[in-house]
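Below sits a lone chain in structure tokens, taken as the form predicted alone.
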């Protein structure tokens, strides 16, 4: 049986690798220190595989029939996609997949009420390229990527995302293929790519959302972290935090530990990350 060794959620905005020099010295130092700490934390867990959840950015999933979640089933992944190479300033990389575990997720989640699309030809942009660059710089931990819809209406509700996390965790714990698993959600915090608030960060929203993660009260999170509130903080980007709610579900409603946060307007995104240490007791379910 597998073990969920840890759960992590962090921003993947491309400014962290593409134009970090535009941030202030304090922002840059805090973010680099925080991402280094998250990398040490993850690698110390010695995971056999990372199961990731991140926004697709309309790169792979069809606009006219967008699934809520799509599991990558390939045995090997390459990134970043060609169009993103110069923009991200991340060298080309290869990371192993875990086809057997990916197929297990698709097969065993369905009877639990979570139907997952699947593909073996997903393209990677900042959703995986930025976090992997910092967390597993040797690209030596296999990745099962789950691309989710955080942009194209109708979006999955926070309650559905939380339940998805619970189901994924349940399936993973029963998977003989997995070993030690880290669940990783990427995206957010507040940003409005190309929109009227592109040059703004909603620090008040970000800190309120991070406080919800730190509190670990699933019912309160689902009541307060609504899609409408995310959109008000930055349309087209802040709803990536739905992936963090999947992570909260996978963590069983435990309180998270905030590692870092910066309202980095120069990076066009509130940036930061949290981790869930899985040794403590879980909070009540939503």
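Positions refer to the first chain, counted from 1. Being a predicted model, the structure only gives us computed values, none of them experimental.
Separately, the form predicted together with another copy of the chain exists; it is not shown, and the next lines address it.
- Contact with another copy of the chain in the predicted bound form, defined as a heavy atom within 4.5 Å, is made by all three of 110, 115 and 154.
- Contact with another copy of the chain in the predicted bound form, judged as any non-hydrogen atom within 4.5 angstroms, is confined among 244-252, 213-221, 33-41, 61-69 to 61-69.
- Contact check for residue 149: a non-hydrogen atom falls within 4.5 Å of another copy of the chain in the predicted bound form.
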